[in-house]
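Here you get one chain, nothing else, as structure tokens; it is the form predicted on its own.
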């Protein structure tokens, strides 16, 4: 089962939320973080249990999320590799650098100067992966980050990182946005790399609105097209569950219809293989294999190659 410390955090922390976490479907968390829910759960739990001890672990956050301390490198690599594939990062634990598929620090660099200050914020990070951005948010002054992601492996990767840090301010829960009641709103809500997987953009924007405090901000990041928005016939960049690639104007209209104001486009950037690529810590195919080898401006399906935009808005 999940670490006992996790359940203690649930019991201790939800009392800080008036009508908050105690009204969330936390029974789903315990059901999903369980060997009966996922066949690989025991393997992942054993990997976490086999993590070597570390002397006086210390968190240092820069482009890498680093945990400084003396640790058995060989044993650490063996345990962490059992949690493959590592998508978001990079992390460094002791002398071990986890070269993740995504250089998520590059995305953070594109948004950190344009968003409202996070000092004292309680943040909801939707589709958070293994919680990398949560550490960046805490380092930027956030009070607490609750990440949700339905992928159980990512929750376990977060537990591996937090095995050393024991920081109860950064959560990764195996929940979906539609499972969250709007009984607690957040100072900032992040939705990065999610909306193009949703069948209804406006429904997603309204969910973001409901979960954001009055005066709070939403940070929305998505693949976009520089031309007309389009709906892929089957796959996009080898991804099966991409419902639509919008223009930024379409995203702005969705946010406006949901009730947000002061909508801004912070950044539009081409995704490159320097930012997303296969590594020893993510050995599956990545962006390079999703692009037309004869024309890197196109995906293998013939669509425009991924460009990503970051938008902010205020409730």
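Numbering follows the first chain given and starts at 1. Source: prediction; values computed, not measured.
What follows is about the form predicted together with a small molecule, which we do not show.
A.B. asks: If contact means any heavy atom within 4.5 Å, which of 121 to 129, 93 to 101, 159 to 167, 76 to 84 contacts the small molecule in the predicted complex?
C.D. replies: It is 121 to 129 that comes within 4.5 Å of the partner.
A.B. asks: On the criterion of a non-hydrogen atom at 4.5 angstroms or closer, are 177, 193 and 198 all touching the small molecule in the predicted complex?
C.D. replies: Checking in the predicted complex: 177, 193 and 198 are all within 4.5 Å of the small molecule.
A.B. asks: Could you spot which one of 181, 150, 229, 232 gets a heavy atom to within 4.5 Å of the small molecule in the predicted complex?
C.D. replies: Contact residue from the list: 150.
A.B. asks: Taking 4.5 angstroms as the cut-off for heavy atoms, does residue 236 touch the small molecule in the predicted complex?
C.D. replies: Residue-level check for residue 236: no, no contact with the small molecule.
A.B. asks: Is residue 171 part of the interface with the small molecule in the predicted complex - any heavy atom within 4.5 Å?
C.D. replies: No, residue 171 is distant from the partner.
A.B. asks: Is there any non-hydrogen atom of residue 136 lying within 4.5 Å of the small molecule in the predicted complex?
C.D. replies: Looking in the predicted complex, residue contacts with the small molecule do not include residue 136, since no heavy atom lies within 4.5 Å.
A.B. asks: Do residue 209 and the small molecule share at least one heavy atom pair within 4.5 Å in the predicted complex?
C.D. replies: Answer no; every heavy atom of residue 209 is more than 4.5 Å from the small molecule in the predicted complex.
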